[in-house]
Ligand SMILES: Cc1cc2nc3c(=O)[nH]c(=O)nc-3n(C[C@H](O)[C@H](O)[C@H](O)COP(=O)(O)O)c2cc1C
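First comes one chain, alone, set out as structure tokens in the form predicted alone.
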């Protein structure tokens, strides 16, 4: 699938083919996409624990439930528990100097090993790494970028996926020996969609002019109609929901899975 269409087709899928497992190879593609995401300081922020639903006992599954995730958890065959490692600042000087050696960070932009050792690490990055709020903010932000890549990689492979809140991190920590330094971010559910991949149409979004600005924050970004039409043809901008048959689709899926209508 072309990139623009992948972005446009991504939905939060909540009806999965519960009987159809996800191939391990496809999960690896998602993890590799996350691993290749942009990351400041070239730090290893994200951590992921992949678990198949059928390998979890009832007690664990029940601990993960809340009123809006119960059905999703029962239907999705694979869960990815996403974390970031709070120890990510460790090794920062070595990683940055490695990028200097590989000519990624170059003298033309002020980089050198001496700059890393004598200024950047001791005066900026090290002090920041000792502030928990800064560590958590950066860790959550950078891991979110990685998860975004994993979401799009799932869509590109014909999978359905959705993010859910971490409702029982202590249970998962104890059951799977999750390290103390791992901070929970999201649970990603993965499976083959039982609903149509469009899931009733593209989700509502405000126009760019209400969210983005140019030159200063008093000047809204003015959309070019030609670009908008191009993105519609490419599939990034798709038909908004709900489709005329969406209510019937949800009703029939609910009946099929024995869920409330």
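Residue numbers count along the first chain shown, from 1. Here the structure is a predicted model, which means the values were calculated and not measured.
Omitted here: the form predicted together with this ligand. The next part is about that form.
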Tell me, please, which stretch of 246-254, 18-26, 5-13, 233-241 lies within 4.5 angstroms of this ligand in the predicted bound form when heavy atoms are compared? 5-13
Residue within 4.5 Å of this ligand in the predicted bound form by heavy atom, from 155, 75, 105, 162, is 162
Assert contact residue (this ligand, in the predicted bound form, non-hydrogen atom within 4.5 Å, options 222, 226, 36, 203) equals 203
Would you please decide whether residue 182 lies within 4.5 angstroms of this ligand in the predicted bound form, comparing each non-hydrogen atom pair? no
Indicate whether residue 186 is a 4.5 Å heavy atom neighbour of this ligand in the predicted bound form. yes
I'd like to check something about residue 68: if you look in the predicted bound form, is any of its heavy atoms closer than or equal to 4.5 Å to a heavy atom of this ligand? yes
